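Two forms, one chain: they're shown below as structure tokens, one block per form, named structure 1 and structure 2.
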Structure 1
Amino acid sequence: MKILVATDKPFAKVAVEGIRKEVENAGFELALLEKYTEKQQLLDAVVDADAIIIRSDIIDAEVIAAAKQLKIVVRAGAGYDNVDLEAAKAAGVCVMNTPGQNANAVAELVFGLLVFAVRNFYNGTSGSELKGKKLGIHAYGNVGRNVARIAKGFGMEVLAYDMFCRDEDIKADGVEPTCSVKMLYQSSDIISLHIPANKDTRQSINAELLGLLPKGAVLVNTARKEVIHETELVAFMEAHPEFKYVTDILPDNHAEMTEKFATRYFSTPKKMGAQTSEANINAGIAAAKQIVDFIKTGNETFRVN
């Protein structure tokens, strides 16, 4: 069995060493494709791979078709919209993610962005504090739970909405569940987004929803850029001069946002939620363990297709 690690942005060296240990101790072969610059390099590398570990790398129908022996793809991280799930399913390929492995890293970044925003991007003017503010968590999964944990340390009041999470489970964490997305936005000073990008959520964060927020609200997006209706966000920010937007996903209209809202908008140059050594190691090794378990026992616990 050949397990390929295909990463144009490589794992940390210690993560690769951990992956190698898991793979080789199971009696499998490990192959590395790192810092590749052309898709053809990936197509060539997958030809004899039985399993693939990726990060943000694109596994589309062409890649899956080229990988005749492929049995499983594991995305080291939570999001998996970079994998063509339908093409994989049609080819009999299992796709998994590694939920929770990056959750604390993303949650900590939320508060790095938040403090930066409420202190007016450290421009020397008087800002505000997080203590006593109402934080609305939009999607209460692994990251959302970690955001809630940290928020309580800041002395914030925490609310959450998740249509797939039971109210009693949210309450058990000392968080107040809301009955709808609209109620969450009406009740929160700050919104932290953790929804996936799919047909139901793309461009769902629009002017109508943002209009429910109180004056001076902050939106933090460490989820996906596709969930934001960027045109309506610009119009909303033009009409609401105290609203702030901070994100670790560079919008398509970044230049326009920077020009118009330099004192109320900030984006990191690239997605940084999982960019810690700890998350890098955790997700990579988890991916290797899941592949070994799948091949040896058929365990599909984290299957997403």
Structure 2
Amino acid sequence: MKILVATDKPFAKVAVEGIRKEVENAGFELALLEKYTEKQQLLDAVVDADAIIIRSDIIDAEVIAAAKQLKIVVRAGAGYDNVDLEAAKAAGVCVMNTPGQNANAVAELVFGLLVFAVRNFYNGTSGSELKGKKLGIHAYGNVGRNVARIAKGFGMEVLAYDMFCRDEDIKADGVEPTCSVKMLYQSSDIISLHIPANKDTRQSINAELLGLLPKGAVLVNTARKEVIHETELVAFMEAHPEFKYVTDILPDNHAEMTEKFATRYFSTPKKMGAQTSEANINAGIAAAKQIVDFIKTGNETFRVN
């Protein structure tokens, strides 16, 4: 059995060692494809792979077709919008994620970006504090919960909206659930996005929603660029000179955003949220364990297709 780790953005070395241990202890072979620059390298590497561990790497129908022996793909992380689930299913390939394993790392980066934003990108001018501000968490999953926990340490008031989460569960964390997404935006000084990218959420963060925010609001996006309506965000920022946008996912219109809003827009150059040794170890080793278990016992917990 050959397990391929295909990561354009590599895991920390210590995580790869942990993955190797899991794979080799199970009697399987590990292959590594890191920092590849051409899709052809991925197509070549998957040819004899029985299982693949990926991050945001694109596994489309062409990759699935090239991987003749493939049985399982595990996305070491939360979002699986980078995998063609239908093509995988049609080819009899199981797709899983590793929910929660990198959530704390992403949540910590939310605050890295937020402090940077409210202190005016460290330009020396007088900024503001997070204490006492209302933080609206848009989607209360694993990352959202960690964001809520950390926000309380900053002395923030925490609100959340999640159509799939029961109010009682949100309240149990000392967080105030809002009855609608509109209410969340109306009631928050800062919004932190944690929605997945899918057909229902694509471009859903639009002018109408942003228009509900109070003056001087901040939007922090550690989720996906696809959920933002980029054209409407630009128009909104032009009309609202005190609004700030900080993101961990480079927008398609990064050059335009930088040129127009240099003092209130920031993006990391490459998604950094889950890029810690701890998150790499947690997600990478969980992925390896899930593959070994799936191959040896057929366990399909965490299957998403």
Ligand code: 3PG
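Please read these numbers as outputs of a predicted model, since none were measured by experiment. Start at 1 and count along the sequence of structure 1; that gives the residue numbers used here. If you superpose the two forms and keep the largest set of C-alpha atoms that fall within 1.5 Å, you have the rigid core.
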| item | value |
| --- | --- |
| Structure, 1 versus 2, that is the form predicted alone | 1 |
| Following rigid core superposition, Cα shift of D8 between structures 1 and 2 in Å | 2.7 |
